[in-house]
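Only one chain is included here, represented as structure tokens and corresponding to the form predicted on its own.
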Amino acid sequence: MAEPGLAPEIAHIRGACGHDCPDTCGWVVGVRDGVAQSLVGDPTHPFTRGTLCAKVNHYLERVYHPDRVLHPLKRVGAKGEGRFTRVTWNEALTDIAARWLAIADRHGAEAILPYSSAGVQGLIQQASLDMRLFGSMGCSALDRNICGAVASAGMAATLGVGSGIDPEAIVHSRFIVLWGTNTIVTNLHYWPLVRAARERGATVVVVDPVRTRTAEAADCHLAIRPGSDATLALAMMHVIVRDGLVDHDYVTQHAVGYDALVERVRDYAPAAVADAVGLAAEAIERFARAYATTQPSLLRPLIGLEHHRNGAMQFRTIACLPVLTGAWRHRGGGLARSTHALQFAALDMDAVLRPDVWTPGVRVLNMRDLGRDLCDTALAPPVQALMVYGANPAVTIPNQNRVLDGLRRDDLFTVVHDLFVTDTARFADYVLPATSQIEHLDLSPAWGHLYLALNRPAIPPRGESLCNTELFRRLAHALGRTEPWLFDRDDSMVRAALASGHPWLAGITYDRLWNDGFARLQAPADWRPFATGGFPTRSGKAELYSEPLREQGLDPLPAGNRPTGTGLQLISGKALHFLNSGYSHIERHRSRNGTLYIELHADDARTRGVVTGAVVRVWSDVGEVQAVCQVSDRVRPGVVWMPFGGLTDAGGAARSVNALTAEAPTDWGGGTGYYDTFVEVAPV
């Protein structure tokens, strides 16, 4: 306590960013008298090293923004108008519970759809008591696999798992392929490790249809046609097989299906597929030989590849490359992707989610299809109640126009739990105030490294805001539920998750995390998961030929095909100052890129009569937007790029790039082919 007459001392509270990003940055909040004075990167965190991204650097503007929802709100205007009046928590919860019970009594509990995603990416705030409550009620389940699951499913078809080596082992790599990832923008703290490997002699290659900031910084950029990644990988395998660059000892001991794969790749000579890939045959040849002859070689694919209809096959095919070359033998070799599977395998997830209390056999709706499901008059039972938390589907889900049509339904009872009146919340019957990351407790596993963090609440919840777990405790009470497992405390769920007994959690306790802020999973220092095989597939080996895929009616071998369509192929990507739809309402960020824009090649601009700065009409089979034209050499002819997220249509409408995308299922894995959209562009 400060001396009388002196300013109170500032307390420094460690936490972790809760955004959906591989970095899960450590931060420190400076607090005086319950008010956050500062928020900076934690300089002691070994991976994020005291830096935050351009969005999170100003996170306190989000916490204390004047538009933040601080009290429960009830709709008083038409859906979409965004007009609300303040009500009490008791009034809101009583009405919500009564409406849900009436809907369940009339239509069955499956008429209630909980809809959430990674708006807050932590172990218990993202998914814990909500899963217990809705699962035990028998509500419709949600397939939340729009991002990440496709890549995991594709890799698992070859390797048995969707993860790879410790990403930090990249410093030992000598040939690095950043495949479908704009590392400098979306994985900021990984780039210093890439640079460290480069300083030790590594070559860095970027495979991406767009010349991103990362591509500009690499030694080589291969600007392939969107969705041709599997074809490129097969052409590489053709060269590796033809030129005798296969590690036959590794393949013989640790893989199945090699002979069948050899037959498949005969048809993928670089000269035969050069046009499909969009690269010169000589460039493919050089790339394949350099990859196969430089060890340790590391593939680093992230999100880009999986947002095609053939997304799973693309990951399945690319995962064959380090098997053929034996790259898994070497420290820093193989493939590095998400570490979520490693983190969740160590934690006791069943203790958090309690699947034992869920109602079996309920229907599962894919989050990708929200607009279709809300508008489907034949769906039985129809969705009568929608509970949205940690998500803003009016912006982030395909076929935005159909999503909005569904949200406008007069007979749909919608509740949104968020910090702001988002695009989705404008259509809600109730908007409930949510806590920010510095106001609640959470355990933060990372999907880009092996550090586990505890996010300590630094300030009390502002206004009447509630974290997700407290909201669902109160909803359970309002619904008349009394089971103790619906009211578990946050700290007890964190402790239960850590008490799995997994060797990688040895010595990592709640108290240690409370004091230190973070701890690295106890993986071996030189961990090479498949150096001597041991793949967790049905055969126990890497499956170059997959019998499980054949049993599902899918191609058992890697296959190359790319989307076709009329017009220009649309790729969307993350904007530096936005996070999906988040931060788009904050002036500091909005002023940077506040209006929807489209980048296209000079050749495509010329044939369409559009110029930089002009407002253009962009349309697809499902919708249209207006955007500001930017003639750019970042994209190749036939490809256009637009930012993903909550930017305003150049005509002033509340439409995003997802007004152009359709609910296109991926081959397997439950995702959607955002990047298989074809558009046309014309002057307004």
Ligand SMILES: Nc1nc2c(c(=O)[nH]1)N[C@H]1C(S)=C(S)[C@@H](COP(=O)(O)OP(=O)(O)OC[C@H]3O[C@@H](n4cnc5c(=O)[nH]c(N)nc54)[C@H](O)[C@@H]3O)O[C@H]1N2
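Numbers follow the displayed sequence, beginning with 1. Remember, it's a predicted structure, so these values are computed and weren't measured experimentally.
Separately, the form predicted together with this ligand exists; it is not shown, and the next lines address it.
If you check this ligand in the predicted bound form, you find no heavy atom from any of His45, Thr48 and Ser140 within 4.5 Å. In the predicted bound form, at least one heavy atom of Thr435 sits within 4.5 Å of this ligand. Put simply, Leu450 is far from this ligand in the predicted bound form: not one heavy atom of it is within 4.5 Å. Contact check for Asp208: a heavy atom falls within 4.5 Å of this ligand in the predicted bound form. Within 4.5 Å of some heavy atom of this ligand in the predicted bound form lies at least one heavy atom of Ile303. Proximity to this ligand in the predicted bound form, taken as heavy atoms within 4.5 Å, picks out 111 to 119 from the listed stretches 160 to 168, 195 to 203, 531 to 539, 111 to 119. A heavy atom within 4.5 Å of this ligand in the predicted bound form is found for exactly one of Leu365, Ile571, Ala292, Ala336: Ile571. With the partner omitted from this view, the residue of Gln384, Ser152, Thr181, Ser546 that lies near this ligand in the predicted bound form is Thr181 [heavy atom within 4.5 Å].
Taking this ligand as positioned in the predicted bound form, the residues of 192 to 231 that bring a heavy atom within 4.5 Å of it are, in sequence order, Val207, Asp208, Pro209, Val210, Thr212, Ile224, Pro226, Gly227, Asp229.
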